[in-house]
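What follows is a pair of forms of the same protein chain, given separately as structure tokens and numbered structure 1 and structure 2.
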Structure 1
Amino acid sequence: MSEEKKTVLNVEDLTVAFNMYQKGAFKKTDLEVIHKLSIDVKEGEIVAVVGSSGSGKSLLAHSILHILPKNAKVGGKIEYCGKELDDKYVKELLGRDIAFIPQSVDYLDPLMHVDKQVIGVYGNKERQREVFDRYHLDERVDTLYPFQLSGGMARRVLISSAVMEEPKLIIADEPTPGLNVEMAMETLNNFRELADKGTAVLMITHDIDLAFEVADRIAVFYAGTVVEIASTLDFIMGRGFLRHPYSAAFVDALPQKKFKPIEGTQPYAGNLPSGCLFADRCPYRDDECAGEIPMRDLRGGKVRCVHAT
């Protein structure tokens, strides 16, 4: 049944590099922070993106939205509903068909009342009140400045502005921190409802537990690329059903599972190994792992590991 669903977002071999000065160098060089990253989100689907800090989750969101800094070089392909998402096309979609929920309250204008910000350039007051009501933001909140909002309120304001129009694609960067458990669940259920009506949701989160609740598929990021994408069910079933040693370790490292986290840290973007990015921490590493590791299909998911079964 999922076969006939339209792909809303398709990212293929995305590469992002920053042209910048690096330690000890006098010339600007390219620092590649996203490497050949592929991910897709279908209509009515929630894809959760998980991965440790610095793995490139926000950069993926910013690349799709074309809001990377000027010194970023982007390679690869990003498509929206089958059409190449270039600078011009994205401008038509942002704020209407594509909505973004940013990572923190710093993304609000510090000197503008929040109602005006949520209304933005496409909305109107009536709709804004309606949405605020839904997120339990009463009329007093309308004329507050961002610095006057608590973490939870700020979150709800940001989510409100994403659902002002009826977006076909929502990109949410950590939508739940700062919310209490009920509010977080409610937010996720809202995403679920939107998805059930056909919206595609790309949800970046630290909280894999919450991803388990609502996501259809989960993508695991490591050092700037996706190492595994698989159905949420596989993740819930545990390491035996996962394909990549890092995602298995990631799931095991959850507090309730009492496994020891895997040793070592994510490699720095300026100093990457030539073959598998995970090689220095992988218990299954051998000579084959030193070559280029392509993303391949496996048991209904995708994995970037030569030995995965």
Structure 2
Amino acid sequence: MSEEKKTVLNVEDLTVAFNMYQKGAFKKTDLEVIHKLSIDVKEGEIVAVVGSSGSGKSLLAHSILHILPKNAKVGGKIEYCGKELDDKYVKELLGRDIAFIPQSVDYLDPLMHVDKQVIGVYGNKERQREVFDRYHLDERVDTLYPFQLSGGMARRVLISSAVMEEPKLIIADEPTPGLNVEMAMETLNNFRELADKGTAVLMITHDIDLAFEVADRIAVFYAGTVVEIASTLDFIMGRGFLRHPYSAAFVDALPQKKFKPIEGTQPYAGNLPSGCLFADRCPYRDDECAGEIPMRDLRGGKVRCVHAT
């Protein structure tokens, strides 16, 4: 029997609310946008996070790294290698043990040459050049400022900064937009190489087909929570191997399925239904769906649905 892999990142019952004025109100209230979200990533594993825009994927990354706005209220538990990942601990780890690839290239310092940004505190010139070469950034790029880069070049600089070391955890928030298919696949293969050496990778992505090539598990987000976590093979095999009706609908909406739609829209955080957040769009809904629905183990995966079998 193979030894069970160590859990690097563990998120349990995460909630995120923003204290803000609602439309037509004169008093601030808490708008909860993440609801009892649980996910984990083990060493040597890539977990791809997928779901429609506004489902909370980037908020998960920002919660882990403690970079939410000041009006955010966070509950639940976030652990790194079994230790609570508080604000002080994140600052100790970020840039070495934890690497972050943000969605926006605006994270690059506009006043600093990109080679110095990638070298940072722990790197060196030789390694920076090696990584830039891998991502087809020639020596003239070293002394450019971010505004002088194309979108694809800026994206490759951000990725380079994350793989300078061999971190224990990479959190990648949409790492491939702006890259052609070949470069996007090379980037994900680089993640796979790091994972095979023990790195845990949490990858938020809209490039589902590319994620199928490298991810071990896929977590499906809907309306601020995880509704299913399953092996990538289950998703490749198709809807009959999945557990949640939204996961099946999500697969049916992929290009190779000719974008088959379902009726309705994802609910707004300020007007959520009781019980299952997908119930209003689900063909299997009944009175049982209005109650508390915890995440549960099923057929080697996890699902938040009372009717899943």
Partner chain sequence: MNKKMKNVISESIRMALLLIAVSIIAFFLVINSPIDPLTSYVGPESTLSQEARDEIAEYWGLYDPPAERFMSWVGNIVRGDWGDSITYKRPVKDVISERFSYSFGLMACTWVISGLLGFVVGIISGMREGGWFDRITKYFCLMVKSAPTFWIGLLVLVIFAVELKWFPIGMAVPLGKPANEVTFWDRLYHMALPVITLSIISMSDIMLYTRQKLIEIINSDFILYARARGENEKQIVLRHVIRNIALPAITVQFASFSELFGGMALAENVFSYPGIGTATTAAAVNGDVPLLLGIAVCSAVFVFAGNLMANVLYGVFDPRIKEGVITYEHTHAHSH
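Everything quoted here is computed from the prediction, not taken from an experiment. Reference numbering: structure 1, starting with residue 1. So that the term is clear: the rigid core is the largest set of C-alpha atoms that superpose within 1.5 Å between two forms.
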(request) Mind telling me which structure is the form predicted in complex with its partner chain? (result) 1
(message) So, superposing on the core, is the move of Val181 at the CA at least 2 angstroms between the two structures?
(response) no
(message) Rigid core superposed: how many angstrom does the CA of Pro110 shift between the two structures?
(response) 2.4
